[in-house]
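Here we start with a single chain on its own, the form predicted on its own, put down as structure tokens.
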């Protein structure tokens, strides 16, 4: 299927690896020019080279910096050929650490909210009116399956990402956006084969004394698919939400978890 987005410009955050990289790669394959961000310049530049090799016809611009800061956001937006020329925005940021809420002080909460709620909102604010003026815009927020089924040790993530979800539910349905072919949706990943999952499983193995392989196998059994997702298939899902054909998908929270969530709704 031709997704109808060839020649568009996208900003993909935290795209040097993992799910962000998967999204950037899928968009590049569709002929989308991308600006990718991450804090680590060396890994980001290596990813940019990989993306250019996927499709030499597109432009790939790498902007190293912290997207959670005003300076980082300004640098990323300045990389576009024209101000506010962002046709596609993929919001993504690493989740806050797990733990017990009794151990989190105000600073820990503010850091989580800033990264996983306020930063996406600031980026949306920076680009959404330009999208509406041009009559096309796709915003995809990578949140977490924990928004739908909270995980007790991920309270910081549960709270911050749920706040973003509530905000998007109202914003996405504004006629001046949805009525101008600007869609905002959230992708809720479950267990994907990423570095973050590996670190989490390594921590669990250390804590329990079990082999990492046993931890991984037990985690796979939590989903009917009996496997972890891949960044490539997540990217394809994201690319479809960014497509011309997805203009009637508005304000949705779409699970990609291999069937782990057991509810009907």
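Numbering follows the first chain given and starts at 1. The shown structure was predicted, so the numbers you read here are calculated from the model rather than taken from an experiment.
There is another form of the same protein, the form predicted together with ligand NAD; it is not shown, and what comes next is about it.
In the predicted complex, every residue of the candidate spot (66, 161 and 191) has a heavy atom lying within 4.5 Å of ligand NAD.
Residue in contact with ligand NAD in the predicted complex (any heavy atom within 4.5 Å), chosen from 39, 227, 61, 52: 39. Of the candidate stretches 52-60, 206-214, 26-34, 192-200, only 192-200 contains residues with a heavy atom within 4.5 Å of ligand NAD in the predicted complex. By the criterion of a heavy atom within 4.5 Å, residue 155 is excluded from the residues contacting ligand NAD in the predicted complex. Heavy atoms of residue 15 reach within 4.5 Å of ligand NAD in the predicted complex, making it an interface residue. The closest non-hydrogen atom of residue 94 lies within 4.5 Å of ligand NAD in the predicted complex. When contacts are judged by a 4.5 Å heavy atom cut-off, residue 168 does not count as touching ligand NAD in the predicted complex. Of all the residues from 138-171, those having a non-hydrogen atom no more than 4.5 Å from ligand NAD in the predicted complex are 142, 143, 144, 161.
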